[in-house]
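Heads up, the chain below is alone and in the form predicted on its own; it's given as structure tokens.
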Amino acid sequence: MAPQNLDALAAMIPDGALLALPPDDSLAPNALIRALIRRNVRNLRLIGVPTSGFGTDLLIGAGCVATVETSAATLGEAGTGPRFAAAVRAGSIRVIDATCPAIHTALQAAEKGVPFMPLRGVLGSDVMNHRPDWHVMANPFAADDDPILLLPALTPDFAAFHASCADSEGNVWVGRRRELATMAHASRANVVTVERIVPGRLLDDETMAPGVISGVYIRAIAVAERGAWPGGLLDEYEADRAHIADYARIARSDGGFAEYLARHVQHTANQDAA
């Protein structure tokens, strides 16, 4: 699989796509997100797997998002994403309430090719009031009354993430972040940025193979050094918490966010595409 450039990867995700994104501590594809903003993508329907973070906040602020299904929208210690909060107040996006187990369970249903999966732990919560697509039924295997929640399969059009490396066949190493495999298996297509392309075949390495997502599931790959920045990447580099805190402060205002985009998204186009 020949690597694409970053802009070509962003061009594969159409307006209105149902796009799954991992949280900030799990291989977030922030270089690709900046490329999507530069492409002026519109009406994305985002899924936080299972929470939403920095990249989602950027996309919302840039006017790229119609809906967000997530269990939280957070910048960690820097607080709630400021553009997410502003959009909710303005009613410019639709938020679909979920929980972490619910999102993982719905993706597992799609991964297994079944129409729904059961889940405990949500019944009786306020989330149920906002999810008419979730259904409760009696457990057919229980002797006594035992209601259980059924979640419809969640099949993203695309999933996107950043990883340390891939090989020439498109096999991608995600290390211990195995939850990304469920997201990748559940999605119709996956686009991935990596720090580097490595020689050999990752699936032939007994040490690396357990942390590999097969190239069978990968639509395209682009090399983007430090592509998770300002997030961190496994054991390679730490999150730039000072940058995220500065973003959380200046992006509270429309003008501050516009200044951030000009400086860190539009201005870095050549760097991200390299």
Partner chain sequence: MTTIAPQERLIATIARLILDPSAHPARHVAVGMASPIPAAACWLLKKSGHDIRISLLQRQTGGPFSEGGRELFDLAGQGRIDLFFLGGGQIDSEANINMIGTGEWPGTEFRFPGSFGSAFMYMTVPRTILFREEHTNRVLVERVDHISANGISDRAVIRRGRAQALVTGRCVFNFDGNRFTLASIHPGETIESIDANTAMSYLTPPDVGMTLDPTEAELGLLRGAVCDEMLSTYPDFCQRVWGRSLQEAEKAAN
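Computed from a predicted structure; not experimentally measured. Numbering follows the first chain given and starts at 1.
Keep in mind that the form predicted together with the partner chain is not shown, yet the notes after this line are about it.
* Asked: Using heavy atoms and a 4.5 Å limit, would one call R241 a contact residue for the partner chain in the model of the complex?
  -> Yes, R241 lies within 4.5 Å of the partner chain in the model of the complex.
* So in the model of the complex, does G232 come within 4.5 Å of the partner chain, heavy atom to heavy atom? -> Within the cut-off, so yes.
* Asked: Though only this chain appears here, would I197 touch the partner chain in the model of the complex if you measure heavy atom gaps against 4.5 Å?
  -> Contact check for I197: no, nothing within 4.5 Å of the partner chain in the model of the complex.
* Indicate whether F84 is a 4.5 Å heavy atom neighbour of the partner chain in the model of the complex. => Flag for F84 set to yes.
* Asked: Any chance all of L119, D126 and S214 sit within 4.5 Å of the partner chain in the model of the complex, going by non-hydrogen atoms?
  -> Heavy-atom distance to the partner chain in the model of the complex: all three under 4.5 Å.
* Are there residues in 168-182 with a heavy atom within 4.5 Å of the partner chain in the model of the complex, and which are they, in order? -> The stretch 168-182, when checked against the partner chain in the model of the complex, contributes R176, R177, R178, E179, A181, T182 at the 4.5 Å heavy-atom cut-off.
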